[in-house]
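A lone chain, given as structure tokens: the form predicted on its own.
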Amino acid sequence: MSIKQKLKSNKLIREIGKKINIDYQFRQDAKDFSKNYVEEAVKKGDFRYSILLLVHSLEKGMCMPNPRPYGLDKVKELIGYLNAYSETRREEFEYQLGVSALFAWTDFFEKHNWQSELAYNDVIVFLKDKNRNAGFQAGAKLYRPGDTFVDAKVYEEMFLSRHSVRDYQERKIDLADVQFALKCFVETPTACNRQMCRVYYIQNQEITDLLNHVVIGVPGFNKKTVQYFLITYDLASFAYSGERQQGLFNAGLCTMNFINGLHAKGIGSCCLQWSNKYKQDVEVREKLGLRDSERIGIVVGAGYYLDENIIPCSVRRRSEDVFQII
């Protein structure tokens, strides 16, 4: 038995080693968060999430039951970020959304005869040479949930019929089938509509081989047929320490919508927790070419369903076991 094996066989030493490693991994996460959160992103010229936060705040103000003049400082801050965009970047989503939100804000002020506010004139001056984007409209809108309901039984059958599977047809996933899952993905509610998650469909064989090697849980898959999607989140979207866990939470929400969308198109999947150590995490992120602030949340193994699969029963708790009225 080697010295390393002897040390691992000692319960006390093994526990101490685990605690040291846990502390180290969390310290690395803390350093990454501090280096990349939204204010640090602004210093680097990345205004994406600052704009999304401001737009969300302005839109919420238009939904108040008893509106009053609001957002006077926020529109000035938003204009500052938008003015920092070069001409070549003004087709980007965040810039267009910011401009659209300012048009909606001025419409709202005009509707309530608040044009005397000084900030209103600042926005009008900024918008004088801008065009409204017909592709989308920021602001507020009327929502009638009764108009959108589908047959509950159909939804229930689709949703409850999904199970995680690890063996698939030998067939490449059609991108047309992925489009519906992506629509489900982008419609997922995220913190203040910051939309900090992305999907990567891995087709590069070198990266596939790397994932086959490093992802925990892959040995249960048929590696000849499994195809990988990576769900990431962006640390640059978070504003303060209380949001330190929001990345994984939002990635989880987006992933659930995504895999249910895949299921609706006949594509099976299984979620693999990204529970790798920091060194492997860095290795894969570098291989993928992710932004410095971007982190892997979940790996999804997927492929078209076989006619039959043998799967674990995975017995669930009863509803009453997980619900409590306080």
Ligand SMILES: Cc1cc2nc3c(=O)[nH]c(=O)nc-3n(C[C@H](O)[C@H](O)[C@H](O)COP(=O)(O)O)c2cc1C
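Being a predicted model, the structure only gives us computed values, none of them experimental. Don't overthink the numbering: it's just position in the shown sequence, from 1.
This protein has a second form, the form predicted in complex with the named molecule, left out of what is shown; the following refers to that one.
Stretch 313-321 is the answer when you ask which of 7-15, 21-29, 313-321, 300-308 has residues with heavy atoms within 4.5 Å of the named molecule in the predicted bound form. Looking at H163, you'd find a heavy atom of it within 4.5 angstroms of the named molecule in the predicted bound form.
Residue contact check for C271: one or more of its heavy atoms lie within 4.5 Å of the named molecule in the predicted bound form.
The named molecule is not shown here, but in the predicted bound form it comes within 4.5 Å of a heavy atom of F221. In the predicted bound form, the named molecule stays beyond 4.5 Å of every heavy atom belonging to G80.
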